[in-house]
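One chain comes next, on its own, written as structure tokens: the form predicted on its own.
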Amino acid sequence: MSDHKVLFEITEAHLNTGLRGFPVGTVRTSRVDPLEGVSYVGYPIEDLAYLDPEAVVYLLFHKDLPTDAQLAEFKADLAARSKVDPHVLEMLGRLPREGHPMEWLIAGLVLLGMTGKVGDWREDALNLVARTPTLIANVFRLRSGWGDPIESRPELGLVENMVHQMGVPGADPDRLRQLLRVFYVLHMDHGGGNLSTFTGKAVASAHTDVYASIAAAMAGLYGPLHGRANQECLNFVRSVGSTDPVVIEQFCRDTLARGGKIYGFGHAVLRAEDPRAKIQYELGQKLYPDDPLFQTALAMRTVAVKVLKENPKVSNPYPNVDAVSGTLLNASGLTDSDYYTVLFGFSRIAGICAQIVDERTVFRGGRGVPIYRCKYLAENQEPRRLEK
């Protein structure tokens, strides 16, 4: 008799449900608890949000936070890895402006792979993390027509160098740096089974290189049901058109009455307010307290929860990570919401890379997870023959 624990009993009702809730493996980088929210390698996200982003990247790859000496060495190592082949930016600048920023990101990842992969999982993963700031900055800069690429200064740090190379017109670079440092950490990882992470790991299981695997992951993130949620939340906040709680409450009630959705509230796993949302509300009150859209989003934190709680079918009426993130990005001067998923991708690339390294080099005693090969049952396919 097998001594393996039965984790899940599969019935016919589970078929064609997108693998929702199916345990298929283990993950060492992060965990999502219904009440406590996201933690990275055991550390609650609240403890990590204001650390150096490089320290959190180190945590995901090494499974422990670095000492001061280790962090300094890791930052120097990432800086040394950061040089992007000039052909990448040259080719990136030739892409059609009509292409979505996520399409530019996916193309750029493939270009990075063409010009820089070495064929070692860990080395390629760290190289990609180090080179992503330059790629992301120039997706913004070249597609938006802000000017020629700005010379990289990797010694500034991952996020700081990206902000430097973006050169966002009219933005306060200091506040933008503060916002994006926290944004990067909060969005870096989210368990093992979200679509983009699972896709990246599944493609890598065919021994496809890290760059192409991450490009596939970003194609999953590009979908409107996955990575564009903060964009939709911002559009919803914009549509409210008031900071008055009475007006906001009526707007929410009218939206629900006509079958609409209050964006940014609820979560597939969480059953309490997402700690990442709490962190961003507090950061917004520090950086952009007078921004009208932020004031609307802040009022909705109370009003929308009140309205949603009245519906007994709503299992989680509380804000999630997307409730205010788009509003803060807009307040920072990044007003084109088409780019928000690119920033989400910037963060998530580090977490997915760390998970790919684990699946390829650590699990099963270092042999790695075998190629993903889930089973599909044939439906309505009785044997047939062509008549002669």
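Just count from 1 along the sequence shown to find any residue number. For clarity, every value in this text was computed on a predicted model and none was experimentally measured.
In what follows, reference is made to the form predicted in complex with a small molecule, a form of this protein that is not presented.
Mapping the unseen interface onto this chain, Lys278 falls outside it, with no heavy atom inside 4.5 Å of the small molecule in the predicted bound form. Interface membership of His267, defined by any non-hydrogen atom within 4.5 Å of the small molecule in the predicted bound form, is confirmed. Heavy atoms of Ser144 never reach within 4.5 Å of the small molecule in the predicted bound form, leaving it off the interface.
Though the partner is left out of this view, His226 does reach within 4.5 Å of the small molecule in the predicted bound form, counting heavy atoms only. For the three residues Lys201, Arg360 and Phe363, a heavy atom within 4.5 Å of the small molecule turns up in the predicted bound form in no case. Proximity to the small molecule in the predicted bound form, taken as heavy atoms within 4.5 Å, picks out 189-197 from the listed stretches 189-197, 153-161, 251-259, 111-119.
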